[in-house]
Structures are given as structure tokens and as C-alpha cells.
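This document contains two forms of one protein chain, each encoded as C-alpha cells and listed individually as structure 1 and structure 2.
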Structure 1
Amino acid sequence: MYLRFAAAGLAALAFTVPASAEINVCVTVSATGPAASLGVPQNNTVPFLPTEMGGETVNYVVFDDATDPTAAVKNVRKCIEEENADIIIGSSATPASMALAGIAAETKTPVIPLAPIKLEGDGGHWAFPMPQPNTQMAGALLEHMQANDVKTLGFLGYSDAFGEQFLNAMQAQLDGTDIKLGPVERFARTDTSVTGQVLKLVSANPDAILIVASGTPAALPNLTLAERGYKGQIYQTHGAASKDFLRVAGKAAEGTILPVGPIVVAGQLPDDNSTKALGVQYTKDYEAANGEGSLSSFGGHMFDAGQVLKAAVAQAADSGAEPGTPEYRAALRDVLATLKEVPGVHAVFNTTDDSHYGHDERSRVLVVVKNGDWKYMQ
């Protein structure tokens, strides 16, 4: 699938003289396949990315990788070869993003992954992921637990990489506090019942239970806990921050607290929040194009990639390198690692060589489910 998105209109093309002054951005998202619920909103966000940066026209070439790392690699290789891409954006899920980091190192092209990946080796040198790292989200939950006298925390999470990574992040945060973790139970995305796990949790009766899952399968533990009459606090993660979760969980989700990127509640943020203005604008534009209530936090990462890229291009112009050259790509990478206070809809980015994520506590807010919608918590 090869959706060429001519970012600049024909008129603009006619007046832009040398082709080499264009910046070519290669985008691969998972618009189909298992990560489609992430990739579709990201694909829909491409029209809202800046098409002009520092006087240069920006060309986005968009591919669908069907959540397949091999296809993502193929897309990007083709794009680098044919379009002489200056930077890569993608992919939607972690495995494909990891694969792209490898290509980035090999071709010395910076990449902006839209999934949280572990930064290591040469790939890590060239990758600047957009989403919040799990430790950031776990930290927000810990603050709420400490403020509300939670002493025991039950855990029910996916038996996969996401569940494992979040559990590790949470455990690292809990070390040195007086909160005890246990029982730790697992379930799978495809499970039709979590009664056994929930019975074990409810009989241990911890003060709070953390559910680590993504999308609609996150609703099953909520429903089963409600059925068994659990009265403690239920925490979810940003993985559950979708309208479909609210639809499936219904009343059982009321009172559940989760950390999310500020875009989820952009309209409810206080006015002094640095992500509010962009977030409100993006929400309005996106919902005007895709229907009321269609906004997904995952699309926000694509939007942020555009903002970060715009800031980087402005700085890279100082290096004197021409777009389309290896020098320009190296310059772009270097400025991506020295961003200062670049606002997006998920975070205000301050990157350094040690911290390519560049997030701080402004990149997450706590929300509570109230009357079937997200409510911002002070």
C-alpha cells in the first residue's frame, strides 16, 4: 500500500525551485493488522503535520506496514532509496519500531518511533521515541497511592512484554516505599474469563489493584472485579485510555484512575498548561475531520513527531547542510538530542544525549472515569 500524501499543494510545488531543498519524511504506520487501533489515528493525523518548516517544503510519504516488522523495514528501505528521506517516523507498535531503529543506524537516518522502545546500541543513538516511558506513568500512579494511604497493591496484567515492562517499572518505583505488591496475577489479551485471578485478588483484598492491559481487553478485569464486589481503588494504565474501553467496561469502570498523556483531557487542563493550546487545537481539527469523539491519544504521538521535527529543522538550518545529504541527517540527529522546551500535545520535550525521550512530569496527568468519560484530576 503506497499512499503518497502530497503535503504541498500543486501551487506550492510550482514555486519551490530546487527539488533538493525539500525535506522528505518517510512515515510508516500500522494502519492494518493487530496494532490497527494505534496506526489508524496516526495515519489520520498526517494531514495535520506541518508542511512547511523554516522555509523548506516538507514531503510526507506514508506507508502501511500491517503491524509487520518486515514490511516496515521494506517500506523504509524503499523510501530511503527512492525519496532520499531525511528522517523516518514510525512505526505504531514496539517490534516494528525496534526494527526501524536498526535501519536508522545502518543508513544513518534519524527515526522518531511512535511506540516506547528500549534505547540501546547504535539504533538507540538514532532513535527519539515520542510516547511516555512506562516509568513516567508508574511514577504518577505511585504519587496517587502515597497520597491516598494505599499500603497493599494487587496486580493483574498482561502476560506479555507490556505487562512485564510495566510490572518492572512499578516494582522499581515501589522499592523503598511502604507499599507492598501482591498478589501478582497475569492474564492474556484473548482470555474469555479472569474469574480465577480475580477471586485470588479479592480474597487477598489489597487496598488497590493495578490492571495493566491495553484497549478493550482491559475492561474484562474491571467487569469481573465489579461482579465480585471489590470495593478498593482500581488503577489502569495509559493502555486502557480509549473510548472503546469505556464502552465495553460501562459502569464497572467508574472511579478507575489512570495516568494518560495530557491530550486525552486537553479541554479540561488548566490554562497555564503548556500542552493545552496545541492539544485543544489538534482535538478540534482531528474531530472535525474524523467525527465527534474520534480522538485517540495514539494519534497525538504522530502530531508530536511533527512538532519535534519542526523545531529540529529550524535548528538544523544553522548547520548549513542541505536536506537530502548525509550531513543534513547527522545534523538533524544532533539537534533532536538537544531540544529545549518544545511543546507537543503529550509532553514538553527537553532531550539530551542521555534522555532521548525528553519527557518530564508535564507529560502525564491522572484522570478518573466519571459518568462514562475521562475527568482530569487536580
Structure 2
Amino acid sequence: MYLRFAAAGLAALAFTVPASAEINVCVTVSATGPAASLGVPQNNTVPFLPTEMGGETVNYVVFDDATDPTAAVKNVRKCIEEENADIIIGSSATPASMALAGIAAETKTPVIPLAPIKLEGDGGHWAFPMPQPNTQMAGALLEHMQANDVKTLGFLGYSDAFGEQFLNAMQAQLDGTDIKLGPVERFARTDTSVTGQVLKLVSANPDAILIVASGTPAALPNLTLAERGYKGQIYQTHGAASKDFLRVAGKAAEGTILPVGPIVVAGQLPDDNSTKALGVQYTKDYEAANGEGSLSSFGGHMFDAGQVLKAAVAQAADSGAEPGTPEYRAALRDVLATLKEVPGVHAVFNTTDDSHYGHDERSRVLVVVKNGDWKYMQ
């Protein structure tokens, strides 16, 4: 089994195993554009995905959608129509992942999003996201806020699906507490300044400010808050859990607290942590191929997609359906909704028709930025 690179449609990159592979997996990630700090490690993790599942070889066709939902949709349509894809993995950012859930429902093709999305209607029926759900991560932040006497919370988040969905999750968590939310400010992924929003937040001087962003754009609010002298607690989300964020934010990131998947600090976890062994091994393998310190939480979601898919393929074989058929895609979907104790580097997955995320408390830890790196808190 080997990998070869080739151009493919809208993709800036694409690689596949030989055409004799029988299970076709269409992958679209944001290897360029504003979400590149998410998509690059995801793309770099594809070579670590299983190339044999359930006795069948696997063909991965990988596209770069450049953080453009329209391009992601075109990539996946091309893969479904030309490669007869059995399953979709992607994309890196929430807007594109939401769009792919719609395509999955339309074509009755299961999809494993690499971004946290709100599961609704038929799209939710076919989608099984890898990242922790926003409600779970918001809950971890709330616990820390309450333990540290936070009474007022400002908000500065993306003006897109990720920002709004996390805001809604946070508001739901705050209901019934004595923590007051506001001001609520927003910015676009491509904005180069958030000075106006930060001035409003600093003027209100809340005890803490929650930033909801991802990749390198998540550093902009930290930098601007530092410039304006804000001294309260800054929280980020798992969307900021990249070394690129640490590099760009620099000293302005110090003391920032965020909920992350355990892979981010795998080596710091207690030995009895259920994700530690696999996380340490993935970290070792990934950094051997991509350089010391290159590990990313986002690559871990791609790795977990491979673990989940491998488990599903093994069980789908019992259906008797052949890869490349509607019956096989339906069988994969049904198995993906009944996974039991499938280990990954972010979580141990247990899915049901009512819970496609399949995460529990084992899938989140809190970290603080200390001396330019992540420090495990709990």
C-alpha cells in the first residue's frame, strides 16, 4: 500500500491509494484559507488512517476546500459522483461542515464532520461529528467560572455558525446561574481588527471574556485585549487549541484558559486516563513525520475519524452489503449510530441515534497557557 499525489478538480492537493481499493472515503479539509491551522494537521494525519478495514482496502481522496463552504460542497459532489464515495470526512470549519451535512442527507451518504456542528433534521441523521459538542465544552468553562467567582462575562466570537452555536450553548449553560452575560460582540474570520469590539468590552470591564474563534484568527482578540490593558480572565474554546494560536498571540495568550480534548496534553495526563496511551503514540508518530511540537488537536479529530470508521466498517460487513452501493452507505450510517467504547485520542466513543457525538466526560480537560504552552489543569 502506498500513497500517491495527484491534482483533483478544485483541490490544491489530493492523494489516493491505488484504484483497486474497495472502500472509497472522500475527505475535504481546509489546508489553505483562514482555517488552515485546522486543516493542515488534519491533512497531515490522513497518512496515519487505516488503509485496510474489515478485510477491504481503502481509497482516500483528499481535497483542499480553502475554507470555502462552496468549494467543500463541490469537492464532495465530485467525489460522490466520480469516486462513488461510501463516506465523507470533513470539513475543518463549522460553516463548511454544516453544508456537507446537507449534502450527506441529500445523497444518503454518511459524513464525519471535523468541526462541531448542530445536528438537525436529515443532515443530523447522517452526520457523526468528531469534535466535542459545544455544550460539553461550555459546561467545562462554566464550572471553572463558578469555582472562581466570575459574575460578569463578556463575549467576542465569530459571526458565523461556530460563533453563534457556541454562544447559544454558553447561554443555555448560564441559565439559572448568577453570571450575567454581556456585552456580546462579534467579528468575521477574515477581520484584521477587533478594536471597536474590544473597546466596548473593556469599557464594560466584565470579570471574564469568552472568545469564540479558531486557529490563528483566535489570537487577534487576545492581542487587542492586551493592548487595551484588560486584566480579567480570558477564556477561549477548543477552536483555539493550536500551536499557531500560541505563536501568534505570544505573551497575550498567557493565562488564557480553554477546554480541549485530552490529546492536547496527552503526556501530562494521569496514567489511568482512557485516551492517554493512544494519544501518546499518535503524538509520537505525528511529530516524527512533521516535526517536534507540531501536534495539533485538530489532527486528532482526523485520527479519531479513522478509528471510528474502522470500527464501523468491521461491523457493517455483517450486513452483507457491498461497498459502493446505497445499501452499504446505509449500513455504515446505522453502525455509526451504535458504536460502543471505541477508543480515540480525544474520546472514547459511544453513539446512539439520539447522541451522534458519542462523547462523555472523558473527552474534555481544561488547560491554561503557561510559558507559551499548554498546561494541564484537571
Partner chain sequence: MDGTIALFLIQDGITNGAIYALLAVALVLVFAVTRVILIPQGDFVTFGGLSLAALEMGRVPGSVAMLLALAAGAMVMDLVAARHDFRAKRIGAILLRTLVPAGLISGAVVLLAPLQLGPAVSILLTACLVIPMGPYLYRIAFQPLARASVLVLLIASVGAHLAMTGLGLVFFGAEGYRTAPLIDANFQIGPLFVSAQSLLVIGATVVLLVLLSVFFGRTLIGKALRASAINQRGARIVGISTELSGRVAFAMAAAIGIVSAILIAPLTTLYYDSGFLIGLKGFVAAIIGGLSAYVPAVGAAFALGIVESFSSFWASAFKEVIVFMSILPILLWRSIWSPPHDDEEE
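Throughout, residue numbering runs from 1 along the sequence of structure 1. So that the term is clear: the rigid core is the largest set of C-alpha atoms that superpose within 1.5 Å between two forms. Bear in mind that the values here come from a model prediction, so they are computed numbers and not experimental data.
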- Note on the structure: Taken from the structure described, the form predicted together with its partner chain is structure 1
- Note on the structure: Rigid parts turn between the two structures; the listed option from Val111, Pro206, Ser214, Gln132 at their hinge is Gln132
- Message: Report the rigid-body rotation angle of the smaller part versus the larger between the two structures, as an integer number of degrees.
- Response: 16
- Shift of the Cα of Leu246 between the two structures with the rigid core overlaid, in Å, rounds to 3.8
